[in-house]
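Next up: a single chain in structure tokens, the form predicted on its own.
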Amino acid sequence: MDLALIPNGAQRCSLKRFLPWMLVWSLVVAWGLVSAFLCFYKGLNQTNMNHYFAFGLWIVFDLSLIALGAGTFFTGFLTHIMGKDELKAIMNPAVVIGFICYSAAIAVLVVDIGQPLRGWFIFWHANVHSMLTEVSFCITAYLGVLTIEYLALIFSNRKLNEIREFTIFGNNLQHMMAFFAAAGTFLSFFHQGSLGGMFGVLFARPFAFREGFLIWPWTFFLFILSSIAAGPSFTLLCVWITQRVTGKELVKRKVFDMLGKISGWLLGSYMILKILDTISWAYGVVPRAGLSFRDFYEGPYGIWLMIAEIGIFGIIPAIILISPRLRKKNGLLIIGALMNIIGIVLNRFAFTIQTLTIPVMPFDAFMSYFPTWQEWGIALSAVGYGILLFSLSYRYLPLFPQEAELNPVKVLGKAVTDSGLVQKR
């Protein structure tokens, strides 16, 4: 029965190898479920969050997942709106990755709000003066868009495709992908920006506060640009890891090269603006707040964080991904993509945690925060959930349209693709 669900022309490992793989990541998810139960049953005293640290590890993961999930909407925008047909080979896995990132982010938020039974207050009693209200609406709506796109992929399953109603419904959804891509671009653009804008308007937190354009602080635009710079790198890395785990070539090398090139130029643009923003902040916001640059970098949150974010995991990967000579080397391409991802996570960490460590009152001390095992469990369970769902999607759904062409199945000594055409090896 399992073999009947596998896409035509594809080869998959046996269940004896697949089930232990799934069991490992299921245990990680189980750790998260136990942690979530303790937080629901006993309260957020299971965490190290307090009045100083209202945001903690969960929000770092949340903002990082949302940023890395931007590869979906940006890939969809380039494919369906801008007509970059080369990226169609990567669109299906991008949809799965986006669905994983956003559904995991919302699941983490359900625990983070403390009283999930009142989660509907966000929508029914909306605070129209809060950027987080717009973020909540857009993230929820975009998850709905991703669910529809993922459903279209699910209905292309080999067995489900035999059901006429599912086939018709799935085909109709496929014909509307350009509309969903446009809707996803609109929704993602605003909630990515508003997440950054939320920090930028915190005038009582000079580490995050920024000047801006009209009503939007510069962090609004920087968060958008950093997300679309890191998203394609994350998609590239996930597909490369899938190739390494399965031992197959799933997309052509030029697709990786295009994703790396897009990420590189966007990251390079972001780095220029990020450096200018940092200089403007250091010579503008900081002295007006009566502080010095060094006042923001003490204890475990030293200047090394800025050097790591901008210098090591910003400028270096931008150079690697922009340069055709460096990018064509597989090892450097993957290292550049990985460094880009680490850089965006460091950025979200700095805005989420470092913003709250710095005292705002004369009698306050420089604070520090370290998550409990429950916080780590819930955060890492998002990773386990993502690997589980992506593994199931790869096994049973036609994620990679080039797979059969790049990995022809041998029949009686001849290589045969899904179409039945004999190919020379």
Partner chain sequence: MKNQEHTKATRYGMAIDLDKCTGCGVCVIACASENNVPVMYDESDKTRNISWMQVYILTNGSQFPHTKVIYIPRPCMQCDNPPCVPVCPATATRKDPNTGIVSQIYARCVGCRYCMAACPYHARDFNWFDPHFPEGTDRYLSPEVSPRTRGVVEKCTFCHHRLMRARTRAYREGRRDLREDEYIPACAQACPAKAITFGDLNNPGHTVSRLIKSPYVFRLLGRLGTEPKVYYISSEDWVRRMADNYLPGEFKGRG
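Residue numbers count along the first chain shown, from 1. All values derive from a computational prediction rather than experimental measurement.
There is another form of this protein, the form predicted together with its partner chain, and it is not shown here; the text below is about that form.
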Closest heavy atom of Arg325 to its partner chain in the predicted complex, within 4.5 Å or not? no
Partner contact for Glu309 in the predicted complex: its partner chain, 4.5 angstroms, heavy atom: no
Residue-level question: is Asn48 within 4.5 Å of its partner chain in the predicted complex, judged on heavy atoms? yes
Give a yes or no for Gly114: in the predicted complex, does one of its heavy atoms lie within 4.5 Å of a heavy atom belonging to its partner chain? yes
Among 194 to 202, 325 to 333, 75 to 83, 226 to 234, which stretch sits within 4.5 Å of its partner chain in the predicted complex, heavy atoms only? 194 to 202
Using heavy atoms only and a 4.5 Å cut-off, decide whether all three of Arg17, Ile241 and Trp373 touch its partner chain in the predicted complex. no
The unique member of Ile316, Ile122, Leu273, Met258 whose heavy atoms fall within 4.5 Å of its partner chain in the predicted complex: Ile122
Checked Leu389, Val383, Leu44, Val34 for heavy atoms within 4.5 Å of its partner chain in the predicted complex; positive is Leu44
Contacts with its partner chain in the predicted complex - residues in 123 to 139 whose heavy atoms fall within 4.5 Å: His125, Ala126, Asn127, His129, Ser130, Met131, Leu132, Thr133
